[in-house]
Structures are given as structure tokens and as C-alpha cells.
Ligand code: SAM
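Shown next as C-alpha cells: one chain only, the form predicted on its own.
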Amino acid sequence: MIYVRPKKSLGQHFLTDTNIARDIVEAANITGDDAVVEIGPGNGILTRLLAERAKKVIAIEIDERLADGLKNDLAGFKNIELLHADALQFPFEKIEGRFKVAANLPYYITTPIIFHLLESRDKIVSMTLMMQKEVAERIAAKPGGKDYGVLSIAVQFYTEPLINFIVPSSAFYPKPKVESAVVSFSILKKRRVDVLDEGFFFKVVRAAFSQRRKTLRNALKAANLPKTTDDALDSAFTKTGIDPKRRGETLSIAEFAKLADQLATGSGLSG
């Protein structure tokens, strides 16, 4: 394990608890047949354990100090490919074969890195990611609660997320001000629901949550989506059987799909 001064600009909180690192490897279900991508190997505590289990580890580190240090510290492992690169810009789709992802993510890139990874979801078997507990709870939330929102739906549209365990701040240096959580994501073989127009579906979802206090009908009306006239909205709610006075946080993904498809069909957006 290497030691460097953490950079605040990179949101660095290095994992120092080996037992937690082992628990992450177990949650990721790493076997000798697996290729694993690790984002932000940091001090190498997780990288080393992954390399002891996996067929190959591709570790992507943006901090040149860490990348150089890890190349020396982990030189004894022949199955580690260490890349000095920005994971937010990395072309995951170009990695040969399918792979698992394991990472202790900097809090500030959690959401964008998840969405960037999901762009290459056909290549990914599963993801096991450590993140801020609050974000984990939003990702795994079900309809009806305050945590349920656009992030919940966007992630659950493509994956089955599960919070594995909570990690105290004492497991890191420097200590973050919040707890973390390890979340596993099973990539669904196909989208959770079929929709006519995926882009329009997410526009409807975002509109429904843009003003959470408003009823579903008023929120969609205020969003000025294509051709969501009063008549079109009334017709869509009638045909889907969804009460327009409900709020977005109460709708399941399947209900959002029904509503979006009906609006898309009525607006001539289905092509």
C-alpha cells in the first residue's frame, strides 16, 4: 500500500481498512475467470486483493502520483494493467471481452461515472461500487419515499441495485464527514421495461420530479414537453388509468413507461 497526500480537488479519501476491502471483493464475487476494472485504485489496498482473485485487473487512476507509485508497488503482479487516465472519459466499450467493475468512487463523480459505465453496459457483468450512503439510498429507493427520484429510475431501468453494507468514515484517510455504502449492480439482460422512445421516457420522468410538490399533471404541463396539451394529458391519464393528482414519487417505472408511451403515441413521437 502506498502513501501520498490526498488531493481535495480529486475528492480523495483512501480506504485503509483491509477487512472492508476484502468485503468488497466478496460482494463483487470475483473469480479466477474474471476480468475486473477498478476505478481509482488510490493506495492499492483493493487492487492487490482483486489481483489475488481475478484473472486480470485493469486499474484506472487519474492521479499521476498514485499511478507511478502503484506501478512500483504492484510490480510483482503480472495480471494488473495500470492506466493513468480519467475514468469519466475512458472508452470502456473498447475493453476486450466482458468484465466486472469494482471501485471506491470519489463522491463527486459517483453519478456521472455510473452513467458513463452504463453506456457500455453490454460489456459489463456487474458493478460493485462504494459511494456516499445518501446516494446509495437514492439509487436503491422504491416508489413512495423521499429518496425515490430520477436517479432511482435511471439506474433501475438498466440494473438491479442492492446495498450490501455500510462503511463508517473511520475506514478512510482522511475521514469523510459522511458514511459510505457498498452497492452491487446486476446488469439486466434487457431494460426493466420496454418503451417506445427511451429519450422521451426520461423527459417525462425528469418533468415529473422537477417540482416534487406538484401533482403529476401539473408538473408535466409546466415542463412544456412536446405536444403535452391539456387534451393530450387528459387522454393519456384516462387511457393509462393513472390518477393525474398523484405525485411523481408514487409512480413505478412500469407506470412511467405506460404514461410516456401513451403521450408519445398521442403526440406522434413514436415514429
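Since we're looking at a predicted model, the values are computed, not measured. So that there is no doubt, residue numbering starts at 1 and follows the sequence shown.
The protein also exists as the form predicted in complex with ligand SAM; that form is not presented, and the subsequent description refers to it.
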query: Among 182-190, 121-129, 106-114, 145-153, which stretch has residues with heavy atoms no more than 4.5 Å from ligand SAM in the predicted complex?
result: 106-114
- request: Tell me, yes or no, whether residue 12 is in contact with ligand SAM in the predicted complex, where a contact means a heavy atom of each within 4.5 Å.
  value: yes
query: Does any heavy atom of residue 63 come within 4.5 Å of a heavy atom of ligand SAM in the predicted complex?
result: yes
message: At 4.5 Å between heavy atoms, is residue 86 in contact with ligand SAM in the predicted complex?
response: yes
- prompt: Is residue 45 a contact residue for ligand SAM in the predicted complex, using a 4.5 Å heavy atom cut-off?
  reply: yes
Residues from 228-261 in contact with ligand SAM (non-hydrogen atom within 4.5 Å) in the predicted complex: none
